[in-house]
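As structure tokens, one chain now follows by itself in the form predicted alone.
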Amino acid sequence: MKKILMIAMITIIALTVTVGLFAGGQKDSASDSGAKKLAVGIILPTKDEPRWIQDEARFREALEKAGYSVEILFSQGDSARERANVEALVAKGIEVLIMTPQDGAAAGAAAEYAANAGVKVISYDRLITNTNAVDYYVTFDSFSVGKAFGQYLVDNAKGSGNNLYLYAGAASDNNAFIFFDGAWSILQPKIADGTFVIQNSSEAIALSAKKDLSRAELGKIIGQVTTNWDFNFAKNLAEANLTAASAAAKGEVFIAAPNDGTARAIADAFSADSDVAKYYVTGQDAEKASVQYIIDGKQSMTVFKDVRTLVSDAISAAVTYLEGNTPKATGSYDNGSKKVPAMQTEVITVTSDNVKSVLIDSGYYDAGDFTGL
């Protein structure tokens, strides 16, 4: 009888330990059996941009709250490494892949590798192009981001002949085209009527009478003003533009910069030029460094894209797929091979006037992260 009771107690203890393993513990690694299983792998493009470190932190935070585990890998700007990351995650048995491509077109083969293994592919923030292997796209409304750039500059311009400098993201990033197209849709009428004078792109000048540009036409302009999403490249390009510009092309200037990192680099270049009396410069992502720049008057605005919402949408879509269902979409994007169902998140323009209410009071950042609030 004692022996039977002993066996029963051991069985109960073993069951308790097993249940405990699936109910709690560490949740930020795919190898952690102490978390509820979420068969999801996440690939982000680089650790060298604050934006993606921010996304990584938000993913970990959201997954921890939800009780799921995940493995997050970085491609470090290398499409070959990105492909290797996909293969590694597929080998570990993921059922859903969330990926921000380094190069939208080059990522197509990696997405197809995952899809051929039965993995659902969610394109995150940047669209994977020219493949049918993308099941879903979670994104901010990129066209609205660009429109916010343009509207801010238009709202602050007075009179005519205002000096305008245009910059764009990487030509390998589909979003760079959408951001620029959105900005152009607002700026072009004001270029055509003489409110702005373009100072750093002959291609943009040649197309200045045309509001709706083709992909090829956008590509011509972006080819001249691309920053490649690289801070040093952006600063060097801005300095080259300023060296080539006359004093009359400086003074008060308006700068359409594509994101916060490049905005800070470009702003530093313009502020160092003695012929620049004042500048207005756009940005996006609400990176901490740029929030401080806005507080200090060194960056004019940023477009806040609440990563918490984007991450939540991506996780929700992943869970929906894991449960055998299809996530709802609010729109679609043509990736060159198919119309990809998409969930779009709205954006907010942040300036010194509302930086505290939008970013601090909402709990996105802590006030102690900044000085001069």
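So that there is no doubt, residue numbering starts at 1 and follows the sequence shown. Because the structure is a prediction, the values reported are computed rather than measured.
We do not show the form predicted in complex with a small molecule, though everything after this point is about it.
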| query | finding |
| --- | --- |
| Segment that reaches the small molecule in the predicted complex - one of 218-226, 118-126, 85-93, 246-254, heavy atoms within 4.5 Å | 118-126 |
| Proximity of residue 175 to the small molecule in the predicted complex, heavy atoms at 4.5 Å | yes |
| Any non-hydrogen atom of residue 285 within 4.5 angstroms of the small molecule in the predicted complex | yes |
| Contact flag, residue 49 vs the small molecule in the predicted complex, heavy atom cut 4.5 Å | yes |
| 4.5 Å heavy atom contact, residue 259 to the small molecule in the predicted complex | yes |
